[in-house]
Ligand SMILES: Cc1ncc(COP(=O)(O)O)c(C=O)c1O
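Have a look below at one chain only, the form predicted alone, in structure tokens format.
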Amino acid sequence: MKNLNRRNWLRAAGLAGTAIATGTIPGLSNEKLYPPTKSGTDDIIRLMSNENPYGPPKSVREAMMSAMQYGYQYPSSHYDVLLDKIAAKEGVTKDHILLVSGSNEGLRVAGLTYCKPGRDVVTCTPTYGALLRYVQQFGVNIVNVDLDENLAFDLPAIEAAVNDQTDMIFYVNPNNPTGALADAAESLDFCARMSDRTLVFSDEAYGDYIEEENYPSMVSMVKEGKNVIVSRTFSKVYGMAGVRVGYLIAKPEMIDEMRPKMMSYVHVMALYGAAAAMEDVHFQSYALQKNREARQYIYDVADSIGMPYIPSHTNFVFVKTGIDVAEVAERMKKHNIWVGRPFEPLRNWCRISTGTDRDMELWGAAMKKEFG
């Protein structure tokens, strides 16, 4: 895993090795431009939920506060504030976009619309489970296939599992919890072919972290009229996980089918905040840089104590501790550090979210003390 593709990944990302002996993480700005919400020195260090501790930036907070003046109005009349920006970014028309209260609502709306009791959703395991758990509640069967040897989605195995009972392929790329990314050409070919047989849902929650040049979003398949839904979120790079705003991209007729299944509006403050977040490209660049630094630090700590890991295309790293993750979590809690939960069947792996410089240093010291 690490030995097979770390070198190529580092070359693609333009990263050099970090000398762990220095005890610090090199940073271009030392967190002065966008100070983290919490220092991590006197509170729980949250390395379990893949949050961006530098957000939301001041530009977003100010936009949300200003939007309070519209708090007496229903939000639908303000949707174009955000829809116009998303449409321009994705290269689609506004009728291809469904705004949702966080990507989880989009996952559930799609499942409720297109997955029928007694029929199948095909996916790999482990992966993000919000849609899967939701549709199981009304009798949909989940057909799980194993990830490939690099812990990315095994696309040939998924294809082999699809039959006339399949309502949906649930495809998470990069995958959560492993951080692995499928080959670009294989991914495009897979979605193009399989969308002729069934619906393909492409969860791209971590797509903003992909650094491979010209790596394709499956939005290209939507533009070609394919039977594909793409999910995106403002919870990660934009640092707005607590605000709850995301969107789906699909053919207009599919958006029209899903819209009546919506359970809530995106509120006015979220609309203006997300629109401001899309404009603040400096913060986006900063958040991505800090994520690279923290991710590299996790690699270096793991290397120093002999723990393999999957080179990540996200804001977390999947580390093979060789110890049950429940024990790892308990031992880290002694240091006020919360890390990832179990992801069956890979219980001897632990998902570590990236954090602030201070968070990473404290995590590294705790790991070396407990497992070094």
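Fair warning: this is a prediction, and the values are worked out from it, not measured in the lab. For every residue, the number given is its place in the sequence shown, counted from 1.
Heads up, the form predicted together with this ligand isn't pictured, but that's what we're talking about next.
The single contact residue among Phe190, Tyr297, Tyr206, Phe283, judged by any heavy atom lying within 4.5 Å of this ligand in the predicted bound form, is Tyr206. With the partner omitted here, the residue from Asn144, Thr113, Ser217, Asn104 that has a non-hydrogen atom within 4.5 angstroms of this ligand in the predicted bound form is Asn104. Heavy atoms of His267 never reach within 4.5 Å of this ligand in the predicted bound form, leaving it off the interface.
With a 4.5 Å cutoff on heavy atoms, Ala274 does not count as touching this ligand in the predicted bound form; it lies far away.
In the predicted bound form, this ligand sits beyond 4.5 Å of every heavy atom of Lys94. Interface residue remark: Tyr128 is counted as part of the site for this ligand in the predicted bound form, having a heavy atom within 4.5 Å. For the three marked residues, Asn176, Lys236 and Arg244, a heavy atom of each sits within 4.5 Å of this ligand in the predicted bound form. In short, of 161 to 169, 83 to 91, 289 to 297, 198 to 206 it is 198 to 206 that has heavy atoms within 4.5 Å of this ligand in the predicted bound form.
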